[in-house]
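Next comes just one chain, in structure tokens: the form predicted alone.
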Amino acid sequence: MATVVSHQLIGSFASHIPSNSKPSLFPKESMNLPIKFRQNRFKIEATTASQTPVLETLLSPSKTTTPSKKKSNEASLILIRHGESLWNEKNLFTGCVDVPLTEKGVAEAIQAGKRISTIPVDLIFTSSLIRAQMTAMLAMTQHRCKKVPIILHDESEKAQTWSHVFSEETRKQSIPVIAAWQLNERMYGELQGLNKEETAERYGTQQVHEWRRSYHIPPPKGESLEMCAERAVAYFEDNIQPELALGNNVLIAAHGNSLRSIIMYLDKLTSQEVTSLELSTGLPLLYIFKDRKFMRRGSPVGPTEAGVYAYTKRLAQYRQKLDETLN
């Protein structure tokens, strides 16, 4: 069992953003299109560092507006794996099948919200799957800002028109939620809906372990972790990291494999290291983005909390170095 790193020790670990990244399996145009639609409807105004951003609807393309300015030299990035789903409870391969949270999952999402209630949130990204969206929405019911998360719909011109908010005061008390399929869980192909134990008995424990934990090997007609990482990281670079660079605080509610992929990018893990990385449901992880670096602050839960962050040999070296510095 992997050793758990406490949030105090995790706090000092920092990694540079890679200067080069692999080309995405998906065209940039198709990935950026939803964001472009959404940017025609909302923008985040500059405020002081202690304030949350103000949403303003762009009523027409010809309307004169003040360009967004950087609000602060740092921003918070919160990562939350969705709470337990109905298929997690049944020990089924879920992948991209869209199933909701269990009662326990709802409680995990609410508890996650309490743990991040004092961390500012300006913008929320979720996958297109209901369990991630439920987690984000339930978590924000506990936030001290008391702002309402609103999912932005851009699937058609009518959807944009019908979901338009006309009250400026209401817009100021709202947080935009952007749902992106690129943040979806890894597509498990022919394993989706199968019981994990029965699948191991049928195909062998070693084969199922390779499908689940290897970086390059996909399950039948599914995605490998490498394929999931390419789409998730490309989306993060193109759409989320620019928001952090502007000083906007971001919450991402997604899945074990899409978040594992993003953490691989943030912490510069190798393909071998990321396969041993485990994320618990409903436990938030915090990063600070400053000077083009991501500094990991760990989880806002106690250091004895099991499964907060399972770390690899490489990360253990950072812990040892920190211990030496503190002593």
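The first residue of the sequence shown is number 1, and the count goes up from there. In this text, all values refer to a predicted model and were calculated from it rather than measured experimentally.
Separately, the form predicted together with a small molecule exists; it is not shown, and the next lines address it.
- Of the residues given (182, 94, 241, 133), 94 alone sits with a heavy atom within 4.5 Å of the small molecule in the model of the complex.
- Only one of the listed residues (212, 104, 153, 171) places a non-hydrogen atom within 4.5 angstroms of the small molecule in the model of the complex, and that residue is 212.
- With the partner left out here, the small molecule still marks one of 145 to 153, 116 to 124, 159 to 167, 188 to 196 in the model of the complex; by a 4.5 Å heavy atom cut-off that stretch is 188 to 196.
- A residue is said to contact a partner when one of its heavy atoms sits within 4.5 Å of a partner heavy atom; residue 88 meets this definition for the small molecule in the model of the complex.
- When contacts are judged by a 4.5 Å heavy atom cut-off, residue 76 does not count as touching the small molecule in the model of the complex.
- With a 4.5 Å cutoff on heavy atoms, residue 257 counts as touching the small molecule in the model of the complex.
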